[in-house]
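As structure tokens, one chain now follows by itself in the form predicted alone.
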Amino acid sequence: MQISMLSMSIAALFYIAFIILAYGLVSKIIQYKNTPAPLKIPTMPAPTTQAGVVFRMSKEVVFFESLFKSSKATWLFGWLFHFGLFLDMLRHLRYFIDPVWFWVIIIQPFGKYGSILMFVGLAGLLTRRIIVDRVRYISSPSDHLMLVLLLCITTTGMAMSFYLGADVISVKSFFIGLMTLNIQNIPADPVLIIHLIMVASLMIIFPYSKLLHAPGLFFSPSRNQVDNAREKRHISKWAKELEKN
């Protein structure tokens, strides 16, 4: 079977995007891990045990607790987007596994509507950046472009899911081929190609944008520290090295 130039180009783009994404994520996580945290600065009221920290972080990751306390509207749109993204990503697992796991099959009808939640959430977040004075003042062009890119990815995905359709078998064959280094032809569907190019662009941008708050949350000293300053002296790693010398 002869591989088209379009398929080779999209495959090369995704290989490059994956390398940049993996390198960027690993390097940033290492940077976060090695950044000194010389002070005990948990945001109060803070948990006094490690189990409490885990519970607090779980609430932050799943329910966006601090955002809920600060802005109900922002919390609503942000949570809708992230929950919709979670459902949509679970649904997209079918393109990367064969045979498809039973729970991925079960979630397909629900995951299909995750894109609607994503669209509502992103539209609300973008509107907020435009009409709320204090938010517009601190927003940079990249903030708007990120939301527009995510909206475009969402709308092209919705168009294929609800209106235009897509050759699911060929798309799955293409991505399975990418993972096994056995490139297959991808359908020459303009909406699909635009969707994939934007997804690859997001992968490239992700490690170097504000979207990196996803792993960064776990390294926030105001969230991941135990409130035990009276019971245990807090010494950062670099300070311990100075003491040894």
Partner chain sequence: MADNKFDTPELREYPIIPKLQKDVMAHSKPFIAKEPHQEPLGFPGELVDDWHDVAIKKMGDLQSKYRSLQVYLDSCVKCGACTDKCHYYVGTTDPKNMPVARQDLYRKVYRRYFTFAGKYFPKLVGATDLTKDVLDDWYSYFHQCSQCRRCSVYCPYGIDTAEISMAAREVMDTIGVGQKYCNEIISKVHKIGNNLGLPGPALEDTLEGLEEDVEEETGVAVKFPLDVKGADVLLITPSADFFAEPHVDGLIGYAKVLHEAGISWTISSHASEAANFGMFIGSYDNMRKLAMRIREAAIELGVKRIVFGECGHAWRVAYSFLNTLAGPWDFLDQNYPIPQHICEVTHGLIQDNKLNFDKSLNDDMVLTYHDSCNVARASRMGDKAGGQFTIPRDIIKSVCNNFHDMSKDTIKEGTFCCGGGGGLLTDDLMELRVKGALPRMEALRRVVEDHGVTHMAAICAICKSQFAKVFPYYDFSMDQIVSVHQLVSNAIILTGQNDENDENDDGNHPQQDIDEAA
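Computed from a predicted structure; not experimentally measured. Positions refer to the first chain, counted from 1.
Unshown form predicted together with the partner chain; subsequent notes refer to it.
Checking Ser142, Ser170, Gln108, Thr127 for any heavy atom within 4.5 Å of the partner chain in the predicted complex turns up a single hit: Ser142. A heavy atom within 4.5 Å of the partner chain in the predicted complex is found for one listed residue only; from Val26, Ala51, Ala188, Leu67, this is Leu67. The partner chain in the predicted complex comes within 4.5 Å of no heavy atom belonging to Gln184. Proximity of Gly177 to the partner chain in the predicted complex: non-hydrogen atoms within 4.5 Å are absent; the residue sits far from the partner.
Contact annotation for Leu217: at least one heavy atom lies within 4.5 Å of the partner chain in the predicted complex.
For the chain shown alone, Ala229 is a contact residue for the partner chain in the predicted complex, at least one non-hydrogen atom being within 4.5 angstroms.
Contacts of stretch 38-62 with the partner chain in the predicted complex, defined by any heavy atom lying within 4.5 Å, are made by Pro38, Leu39, Lys40, Ile41, Pro42, Thr43, Met44, Pro45, Ala46, Thr48, Glu60, listed in sequence order.
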